[in-house]
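This document starts with one chain, in the form predicted alone, laid out as structure tokens.
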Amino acid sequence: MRIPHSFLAAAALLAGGWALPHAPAAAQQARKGTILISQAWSRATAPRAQVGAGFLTIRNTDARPDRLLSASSPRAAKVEIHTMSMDGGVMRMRPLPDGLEIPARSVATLAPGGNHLMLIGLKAPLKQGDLVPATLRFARAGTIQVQLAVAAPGAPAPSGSGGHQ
């Protein structure tokens, strides 16, 4: 009997206890009015890390725009809304003090390499499998509670989130 090499390679990985980074499990959805939050996730941090990031998808089904004004989490001293952009060939990250507009009838994706939540002053490392509670405050929709599902360090964005790796 001949066993395919790919099967042997996969078996060796599993037997050795090695694991490839996995995309986070599908987190719950949260809705308030015309705002739907989905695919809320984060990545595990190093044991002494002071910062982490949060990613999610925001769908606005209203005919009017809304704005994500701020966020908070009991797992961090503060949460800021950040963006990343290229400046002279250097990737720069900066806070968005006025928040993030969610245009009417559109989807905004907070993903690695783009807009994201920055958890500053972590009270404990984010561990794979944790659920990190966060409160999002919108100009029109008000507050929405979400849970960021913590994936492995370096995990890719969930499929369909539009995020970068």
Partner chain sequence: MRGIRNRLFAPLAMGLAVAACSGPTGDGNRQSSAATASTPGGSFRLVDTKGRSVTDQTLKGKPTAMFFGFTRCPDVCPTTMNRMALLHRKLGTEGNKLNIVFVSVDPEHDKREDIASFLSMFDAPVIGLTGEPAELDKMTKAYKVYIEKVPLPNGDYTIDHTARILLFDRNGGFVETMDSHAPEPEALGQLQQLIRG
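For clarity, every value in this text was computed on a predicted model and none was experimentally measured. Whichever C-alpha set is largest while still superposing within 1.5 Å between the two forms counts as the rigid core. Numbering follows the first chain given and starts at 1.
The form predicted in complex with its partner chain is left out here; the points below concern that form.
Visitor: State yes only if every one of 30, 99 and 142 has a non-hydrogen atom within 4.5 Å of its partner chain in the predicted bound form; otherwise state no.
Guide: None of them does, since no heavy atom lies within 4.5 Å of the partner.
Visitor: Among 51 to 59, 31 to 39, 65 to 73, 101 to 109, which stretch has residues with heavy atoms no more than 4.5 Å from its partner chain in the predicted bound form?
Guide: The contacting stretch is 51 to 59.
Visitor: Do residue 118 and its partner chain come within 4.5 Å of each other in the predicted bound form, heavy atoms counted?
Guide: Flag for residue 118 set to yes.
Visitor: Looking at the partner-bound form in the predicted bound form, is residue 45 within 4.5 Å of its partner chain by any heavy atom?
Guide: Residue-level check for residue 45: yes, a contact with its partner chain.
Visitor: Does residue 77 reach its partner chain in the predicted bound form, with heavy atoms at most 4.5 Å apart?
Guide: No, residue 77 is distant from the partner.
Visitor: I'd like to check something about residue 146: if you look in the predicted bound form, is any of its heavy atoms closer than or equal to 4.5 Å to a heavy atom of its partner chain?
Guide: Judged by the heavy-atom cut-off of 4.5 Å, residue 146 is well away from its partner chain in the predicted bound form.
Visitor: Quick one: name the residues from 72 to 95 with any non-hydrogen atom within 4.5 angstroms of its partner chain in the predicted bound form.
Guide: 78, 80, 84, 86, 87, 88, 89, 90, 91, 92, 93, 94, 95 sit within 4.5 Å of the partner.
Visitor: Has the Cα of residue 93 moved 2 Å or more between the shown form and the other one, judged after a core fit?
Guide: For residue 93, whose C-alpha is compared between the shown form and the other one after core superposition, the shift is less than 2 Å.
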